[in-house]
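One chain comes next, on its own, written out as structure tokens in the form predicted alone.
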């Protein structure tokens, strides 16, 4: 695998893509998703990535098509991906198709533990295209996903 480098030329780029309603973190159902906001998660990811010799491109959208386009665009631009697709995890074959196209090391992240929630959340269309899944560990799951990707990227 060719490792893509940030424009600074130093570190491989990891795209951290977030789906619908994640812009409401800290406000929406904090008993499930925690009180950490998405900007706070982004800051923690930037800090952890730097320590792991990675660069982060952090994004959020409420639109499925935009998320699909970003995943498609990651091919040739990123070395790996962290994906928290939110509710689209359980509904979107289009995300799976885009992930299969991109063929990047991908870690699926969920703040809550979907298997402890409603039955419709028990199936993920993302999982078959991901190298790993981190769920139920809150915002810290993003940092753990960066550590996993660093191992995958730096060994290639």
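Positions refer to the first chain, counted from 1. Please read all numbers here as calculations on a predicted model, not as lab measurements.
What comes next is about the form predicted together with a small molecule, which does not appear here.
Enquirer: Would you mind picking the one in 111, 68, 52, 129 that has a heavy atom within 4.5 Å of the small molecule in the predicted bound form?
Expert: Comparing distances to the small molecule in the predicted bound form, the residue within 4.5 Å is 111.
Enquirer: Of 44, 38, 87, 94, which one comes within 4.5 Å of the small molecule in the predicted bound form, counting heavy atoms only?
Expert: Only one option qualifies, and that one is 87.
Enquirer: From the candidate stretches 26-34, 44-52, 58-66, 95-103, select the single one in contact with the small molecule in the predicted bound form, where contact means a heavy atom within 4.5 Å.
Expert: Of the options given, it is 26-34.
Enquirer: At the 4.5 Å heavy atom threshold, is residue 17 in contact with the small molecule in the predicted bound form?
Expert: Looking in the predicted bound form, residue contacts with the small molecule do not include residue 17, since no heavy atom lies within 4.5 Å.
Enquirer: At the 4.5 Å heavy atom threshold, is residue 139 in contact with the small molecule in the predicted bound form?
Expert: Judged by the heavy-atom cut-off of 4.5 Å, residue 139 is well away from the small molecule in the predicted bound form.
Enquirer: Report yes if any heavy atom of residue 22 sits within 4.5 Å of a heavy atom of the small molecule in the predicted bound form; otherwise report no.
Expert: Looking in the predicted bound form, residue contacts with the small molecule include residue 22, since a heavy atom lies within 4.5 Å.
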